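Okay, so here's just one chain, in structure tokens, the form predicted on its own.
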Amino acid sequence: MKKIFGLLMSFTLLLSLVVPTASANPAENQDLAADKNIHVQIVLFDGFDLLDVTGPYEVFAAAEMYTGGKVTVELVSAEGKRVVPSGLNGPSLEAQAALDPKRSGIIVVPGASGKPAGHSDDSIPNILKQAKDTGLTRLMKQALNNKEVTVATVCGGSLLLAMDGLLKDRYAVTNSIGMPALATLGAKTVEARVVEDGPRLVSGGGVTSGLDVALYLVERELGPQIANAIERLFEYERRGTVWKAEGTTPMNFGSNAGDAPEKK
């Protein structure tokens, strides 16, 4: 009897050690960002690329839906509330407010849609220059200096910031066509789908990378369950490894275009 009683006591003690741990796991696995509110500003300028804007917008709008409104997203411009035409004679979208670099959250800067090169009014270099001259990059400089803001660029959005020296000595990517120009403007170019230069600057490569940038930020800020729900809703899986200047640096066997820059 004493032996049975001892076994029962041992079993009870074992349960007392295991059960609290098991019951604590669901709480530990709860979304740590459940009480976190995130506001996303997506920038518009004359000639913006439509997909650079609508891809991230839909991701963040879905995050708003799945979090019960803890994520909010709006379209903004440097000039304030106005109707903004997209490039290549595409449809216009309405900016709902002025870009506020002092507001915490995420700011997404798209690229332009137009002729890849040349000096015509509808060329991408000219569209980006005109956007810079609106004072947009001045506002983005304030955003980059705000520790409560993550700046994300899609495609030519990184070129727009680089035109005013905002990406000098920072890791970034853009559309493959614009990579030489981005390097000339002082950025440390990386051949990757998405590049994170510290937690507050994330850039995406080609036009469709806007989906990957936005999904990465949703996972980073809200956790994998929300990001996975959005992927299933869109029937799209995020592409590519997010490149960061950390971890083991791969051996460099030459000057191939795909070689990552050495950390400095």
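A residue's number is simply how far along the shown sequence it sits, counting from 1. The shown structure was predicted, so the numbers you read here are calculated from the model rather than taken from an experiment.
Not pictured, yet referred to below: the form predicted in complex with a further copy of the same chain.
Though the partner is left out of this view, G114 does reach within 4.5 Å of a further copy of the same chain in the predicted bound form, counting heavy atoms only. Taking the partner from the other structure, a further copy of the same chain in the predicted bound form has a heavy atom within 4.5 Å of a heavy atom of L88. Mapping the unseen interface onto this chain, L75 counts among the residues with a heavy atom inside 4.5 Å of a further copy of the same chain in the predicted bound form. Taking the partner from the other structure, a further copy of the same chain in the predicted bound form has a heavy atom within 4.5 Å of a heavy atom of E58. Only one of I38, L201, L211, L222 comes within 4.5 Å of a further copy of the same chain in the predicted bound form through a heavy atom, and that residue is L211. For the options R193, R170, R82, R103, the one in contact with a further copy of the same chain in the predicted bound form, meaning a heavy atom within 4.5 Å, is R193. Across the options 172-180, 158-166, 125-133, 138-146, residues that bring heavy atoms within 4.5 Å of a further copy of the same chain in the predicted bound form belong to 172-180.
Annotation: in the predicted bound form, residues D49, M65 and G206 each come within 4.5 Å of a further copy of the same chain through at least one heavy atom. Along 222-243, these residues reach a heavy atom to within 4.5 Å of a further copy of the same chain in the predicted bound form: L233, F234, E235, Y236, E237, R239.
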